[in-house]
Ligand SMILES: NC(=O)c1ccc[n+]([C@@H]2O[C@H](COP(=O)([O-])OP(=O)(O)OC[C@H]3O[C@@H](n4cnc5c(N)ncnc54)[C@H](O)[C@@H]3O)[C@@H](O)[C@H]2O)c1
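In the block that follows, a single chain appears as structure tokens, in the form predicted alone.
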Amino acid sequence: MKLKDKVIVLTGGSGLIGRALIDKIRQEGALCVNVDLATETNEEFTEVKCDVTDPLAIEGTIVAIIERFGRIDGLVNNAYPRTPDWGNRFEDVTYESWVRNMDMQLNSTFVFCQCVLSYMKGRSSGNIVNIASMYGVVAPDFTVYDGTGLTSPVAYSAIKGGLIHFTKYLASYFGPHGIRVNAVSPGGVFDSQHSIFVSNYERKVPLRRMAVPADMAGPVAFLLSDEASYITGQNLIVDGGWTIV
């Protein structure tokens, strides 16, 4: 129960990784609020429907959560909004798509952080975990996509790399106020991908398997907890060893 009685806000909790994160955070004793467009607001206010790409909706949601529960102890930025052409090759990505995805993902995280940190600063405590990616640390190995027709979206590397450095900026800026900010960078998570891709990926990664959503839950819960009270500005890479070889 390392998160007992904490109030944690998590964006994108209705997705693959998000649901595993919420389950773990609640198992550890926290009240976890799922903020997602793909849910409906419930009476307990533990599920809140919100367009996480709309600054006004974000601001209103954060205010409503604080009014309901009295505080926010932690924020997990996990939402992964993207355009329908997200999987296009570099040559086929339009400028409009590039800008839109930056706005939907990186800029919305900025708004969430700004709203929540202004509140946390007043309490001189708080904790943020941003979900980044190993592809924000290293370039994709495009050979794992051979024979699949798939690719790694170009905007993804820029967004996740930016998010990691944004995390460090926030940790440095708000550290004097007792606020910790860290990132978790997952490796590839199994989601019924093309069988050739899965085989290529698992042959390369040292642990010889793709991640499952639960692999990310423990590290996130740890960083949210007081057990990580002297850890800030770090990027915890949970990739089965991909980035060490």
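In this text, all values refer to a predicted model and were calculated from it rather than measured experimentally. One-based numbering along the sequence shown.
If you look for the form predicted in complex with this ligand, you will not find it shown, but the lines that follow are about it.
Although the partner is absent here, Ile128 sits far enough away that none of its heavy atoms falls within 4.5 Å of this ligand in the predicted bound form. Shown alone here, Asn78 lies within 4.5 Å of this ligand in the predicted bound form, counting heavy atoms only. Taking the partner from the other structure, this ligand in the predicted bound form has a heavy atom within 4.5 Å of a heavy atom of Ile17. Although the partner is absent here, Ile179 sits far enough away that none of its heavy atoms falls within 4.5 Å of this ligand in the predicted bound form. Only one segment in the set 137 to 145, 120 to 128, 89 to 97, 156 to 164 has residues whose heavy atoms sit within 4.5 Å of this ligand in the predicted bound form; it is 156 to 164. A heavy atom within 4.5 Å of this ligand in the predicted bound form is found for one listed residue only; from Ile62, Val33, Val52, Ala183, this is Val52. Annotation: in the predicted bound form, residues Gly12, Ser133 and Gly188 each come within 4.5 Å of this ligand through at least one heavy atom.
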